[in-house]
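Here you get one chain, nothing else, as structure tokens; it is the form predicted on its own.
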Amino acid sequence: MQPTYEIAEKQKALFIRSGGDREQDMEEEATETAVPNIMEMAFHLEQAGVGLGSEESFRIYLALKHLVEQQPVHTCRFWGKILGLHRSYLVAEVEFREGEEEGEEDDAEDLLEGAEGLEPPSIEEEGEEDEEKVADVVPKPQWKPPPVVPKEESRTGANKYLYFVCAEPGRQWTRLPHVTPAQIVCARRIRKFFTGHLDAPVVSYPPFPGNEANYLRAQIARISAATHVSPLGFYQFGEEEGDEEDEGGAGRDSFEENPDFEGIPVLELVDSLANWVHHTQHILPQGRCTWVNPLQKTEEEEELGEEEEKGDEGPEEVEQEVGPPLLTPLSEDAEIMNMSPWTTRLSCSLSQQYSVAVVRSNLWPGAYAFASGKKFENLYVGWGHKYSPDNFNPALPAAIQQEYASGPEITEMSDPTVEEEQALRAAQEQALAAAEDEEEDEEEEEDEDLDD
């Protein structure tokens, strides 16, 4: 009973109004607010047979309301629920107001970078004293690590939105860090269940660069890029972005709502996947939504590395990665072993005029979307794993390196015998005696020259 009582005490605060006039609070709620209408979404999803139930949905609504009051939120959306072994994660997708700096994460990254650059001075002092004692110079390895792909800036690409998570409505919301390309690339190669603890390590091969919070953020980015869909025509590209498609092949990265959208009949949404489009950018194999050349250096790096690169060969060219553009229809998605990646259906086939269209992802089980008239919404409730037609096999360790080729320059010499040592010693003594005799003869010749 103790855990249940603890949760009840924490959720009790959700139902208590903050101090103020009740009429004033009602007027504020009547105006535009960043808190989404969770109950309306839950009603439509309940008709489709998915969702979290009306009771939990209302508690999530109150929890999101507290999040909006605590943070400078411009837009807020309930992203979904990712299940865990010990606890689950309720995920909120948030966009801050313009001008609000995200200083918490930047300060943490600066601290980490500063800590990595610190070196103990005692080691350097000892190294200076022992320089004279060291006879052999340790060779430097010629191998260079591959260049690090920079992460996308805030409000762009995979980091377009911020994500807050909590285990239960009423608990503290925790902000997830921005995702890096290395984390997305590694998350594609591993398969781990979430524990419900953000600071838990992710034990895997290949090693994941981060803890469970980073792995959770990477999976959210992958699920969002693959499953966030909307009816055709709901979004449109702005007029100012007409020529952006030719700039570096990146394509358009933003859109706006179409004020002239009148909705698509439910039967047409169910009959054809071409009436649904992706409205989230595709993540390239590089781990970014917009491709960058990892071998291209900045001006500062070029100035610092001019001397080192004089003797090196030029870097090989990297082929540019291109993905599907925004608002691509679902009908163009790749099949999964002769199976469609999406399944559409009506919420009720007996009363089609009052039904909603539901589309379910077969690639990411647990991802759903519904549409009815001018309204649509996306929701994910699952374990955060991608469907695989084959059994998951962890990546094998790298092949063992071969032994160094043996040759006379590295072959160990055999120890000499006693007879060989005696002969060498006698030869050395004979050579020393001959050298002494030559020195005596030279001294005698010099003395005779002086007497003359």
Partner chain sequence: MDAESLLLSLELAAGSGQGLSPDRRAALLTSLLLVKRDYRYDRVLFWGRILGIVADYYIAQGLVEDQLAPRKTLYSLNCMEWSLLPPATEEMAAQVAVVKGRFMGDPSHEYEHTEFQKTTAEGEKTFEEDVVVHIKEETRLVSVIDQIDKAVAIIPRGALFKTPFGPVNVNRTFEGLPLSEARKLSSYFHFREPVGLKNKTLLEKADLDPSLDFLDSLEYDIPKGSWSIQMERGNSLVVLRSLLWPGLTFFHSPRTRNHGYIYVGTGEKNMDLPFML
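All values reported here derive from a predicted model rather than from experimental measurement. Numbering follows the first chain given and starts at 1.
The same protein also has a form predicted together with the partner chain, omitted here; what follows describes it.
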Practice problem: Answer yes if any heavy atom of residue 347 is within 4.5 Å of a heavy atom of the partner chain in the model of the complex; otherwise answer no. | Solution: yes
Quiz item: Heavy atoms within 4.5 Å of the partner chain in the model of the complex: does residue 83 have any?
Solution: yes
Quiz item: So in the model of the complex, does residue 36 come within 4.5 Å of the partner chain, heavy atom to heavy atom?
Solution: no
Quiz item: Taking the shortest heavy atom distance, is residue 191 within 4.5 Å of the partner chain in the model of the complex?
Solution: yes
Quiz item: Which pick from 176, 232, 381, 225 sits with a heavy atom within 4.5 Å of the partner chain in the model of the complex?
Solution: 381
Quiz item: in the model of the complex, which of the listed residues (88, 156, 372, 236) lies with a heavy atom within 4.5 Å of the partner chain?
Solution: 88
Practice problem: Select, from the options 255-263, 354-362, 157-165, 286-294, the stretch whose residues sit within 4.5 angstroms of the partner chain in the model of the complex by heavy atom distance. | Solution: 354-362
